[in-house]
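Same chain, two versions here, written out as structure tokens and called structure 1 and structure 2.
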Structure 1
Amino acid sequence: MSLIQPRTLKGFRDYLPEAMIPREQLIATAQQVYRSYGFSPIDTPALEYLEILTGKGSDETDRQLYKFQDHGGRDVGLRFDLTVPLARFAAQHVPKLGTPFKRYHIASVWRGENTQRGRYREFMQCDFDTIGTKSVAADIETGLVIHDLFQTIGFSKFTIRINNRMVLNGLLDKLGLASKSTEVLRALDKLGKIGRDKVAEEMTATAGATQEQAEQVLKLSDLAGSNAEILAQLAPLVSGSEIGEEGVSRLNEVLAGIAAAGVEEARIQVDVSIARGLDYYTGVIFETFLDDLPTIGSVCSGGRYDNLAGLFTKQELPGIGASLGLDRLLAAMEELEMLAKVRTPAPVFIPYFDGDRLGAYLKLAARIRGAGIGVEVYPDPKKLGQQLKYADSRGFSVAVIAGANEFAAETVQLKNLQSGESEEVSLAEGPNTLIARIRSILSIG
């Protein structure tokens, strides 16, 4: 029998321990921040009825859908994001759960798109959303969660760009382009990728806008200054449009609320050229960029979508939320050298080189593990040098070394594998002294 060549599909990837460990740490950080604001975890199936997914994002996401017939002959598709399944979930369950309902959802999604840096056809999103309120407080809180999330991850230089689709829709209404808003906004959303001229061409080609109308829309990208100055320049552009004026007013309220919570003004920036490509956004929108790596694109995006659940229920279920692009952010952190090269989640290594004392090694490991510190015991009684070489290759922080002489004297050798320094620690009165020394080396309380 010939061997099958081991390989992964294009656009998909395996995660080795050194990639998966920081990935799980990032997920844990997102969970911590989301829970601190009162968001509860949910999960939904990877497969949905095709009618649930199609026509909810954009023509592009419809093309990228992985879709097929299941064994029962039903048309189904793999979810392309976590927001559309949330709309279905909300229509189905929120009447029993009550509103406002705050959820987070961390799971894989699939899009058959061209691969690019930090982007794969299967990728993980870390979403949080508030369902059942149109309050500006929920808009403000969304910005605060994004801010706290990036601070907690360890970024000191990032910018949250903010806009409101009502501002854009108000301007399009004034320009007579309201009926073509979807096409115009999709083109505008590509401004950072394809440039001003190409966006103008797309607006005229797909939306039927005149060159003058396209230029009027693109004036949004010319607005500059502080947030207050940009909003002051924006006001006359949407003057006379009720929805546009409401959008400007709402932006002012969100900025004031975020500032009241202590966020520096430099961290949040009005950018009235961002549109978000998905069709379901209706109000405030957010995009987050890393100041040291802006070319990787937005690493956390979202906004308000007040009509999405209306496709599934007559109950009004407005929503707002955002999604952390986990894999794109990890690619950025790797490029910025923010990820430690660690291949083991346990910081402590115990070599097993006295073949008659496996039980003693396991007992010692259990005591350290009982104090909440991860420990790995080597499985085979090989030479100590071989085992320490293994420990170095895996990135352990500390080795607890004991042979016949140490067991007889009720001591161990504690070796800091980063500095190479060793010290003798007594076990005569139990493991507490050893555990305290390990905690000190690992800098944990």
Structure 2
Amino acid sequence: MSLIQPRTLKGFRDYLPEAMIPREQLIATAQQVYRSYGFSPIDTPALEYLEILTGKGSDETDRQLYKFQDHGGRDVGLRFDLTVPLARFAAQHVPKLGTPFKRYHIASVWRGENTQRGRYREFMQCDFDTIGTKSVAADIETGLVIHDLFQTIGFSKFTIRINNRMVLNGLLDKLGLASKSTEVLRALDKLGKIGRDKVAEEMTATAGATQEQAEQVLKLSDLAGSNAEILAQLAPLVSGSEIGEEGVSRLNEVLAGIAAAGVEEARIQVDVSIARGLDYYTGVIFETFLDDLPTIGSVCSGGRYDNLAGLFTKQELPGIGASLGLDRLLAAMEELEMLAKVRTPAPVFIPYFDGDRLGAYLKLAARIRGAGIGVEVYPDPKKLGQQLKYADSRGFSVAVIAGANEFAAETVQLKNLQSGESEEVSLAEGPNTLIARIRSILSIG
């Protein structure tokens, strides 16, 4: 019989323990931060009716969408983000849930696009959104969540770039480019990447803008200085446009609120050139870059939208949210060597040393686990040296070793696998001393 070649589809990946452990850690961190602001978890199906997903119907999403007919002949598709499912979810359930509704959603999405470093066809997004309120408080809170998220993950150098679509729309309004806003903004969004001249070129080519109009838009890129200075320079550019002025004042409020919460100014940077490709943003926009690895792109992006569920309900549902690109962030952390090379989630190793004492090892393990510390007992009574070699290669922190001598003396040997040092710990008065010693080696108090 011929063997089937084991393989995975382009852009789809297996996760080995050393990849999955940090992945789960990151998910746990995101959950913790989201919950600390009162966001509740939800989930939705991976598969949706095609019409739900193609509602916005751009060619690009169509190209990226995994779609097929199910066994009942229904046209279906795999979700390509978590925002569209949220819109459907909100239209269906908001009457029950009430607003404001704050949810987080951590799940895989699928896009059939070409792969690159940190870009896959199946990847995980960690979204959080607040729907049903237009309050600037929600805008501020979104910025704070992003900030806390990266701080808690362990980044000290990251920049949240912030802008407001109203500023851009106000300017385009004044210039008579409002009808071409998608093309103009898409070009503007590339400013950091392809430079001023190329952006102007693209604006004239794809949006039909005149040289002067392009120049006017690109004045945005001349703005420099502190956030307050940029906003001061911005005001005259949009003056006379109601929406533009509102955008500037809204930006001021958001910055003030984030500062009031104690976030240092260097973390938040007004960048009037970020636009986000997605059409549905209407207010504040966020993008998050890692200062040490800006080329990987934005690792957490989002913004405000006026009418999330307009395709599905007549009820107006404004909202704001952002999405952490978990897989892209992990690729970045890997490159920055921020991921510990641990291949075991349990720190304590018990060798199966004396072949007749399995029960004693299991009991010891159970007692340590009872104190909330993970323990692995080796399954075979192999030679101690081999078992320790295994423990070493998996990255265990401590080994609790007991053989005939130790059993006779009611002790165990506690071995610190990092330093190699061993100490004898008595079990005569129960496991508390041992657990305290393990805790101190693991530095968990």
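Only the largest set of C-alpha atoms that superpose within 1.5 Å between the two forms is called the rigid core. Numbers given to residues start at 1 and step along the sequence of structure 1. Note that the structure is predicted; figures quoted are calculated from it, not measured.
Here the chain appears twice, and structure 1 is the form predicted alone. After superposing the rigid core, the C-alpha of residue 201 moves by 2 Å or more between structure 1 and structure 2.
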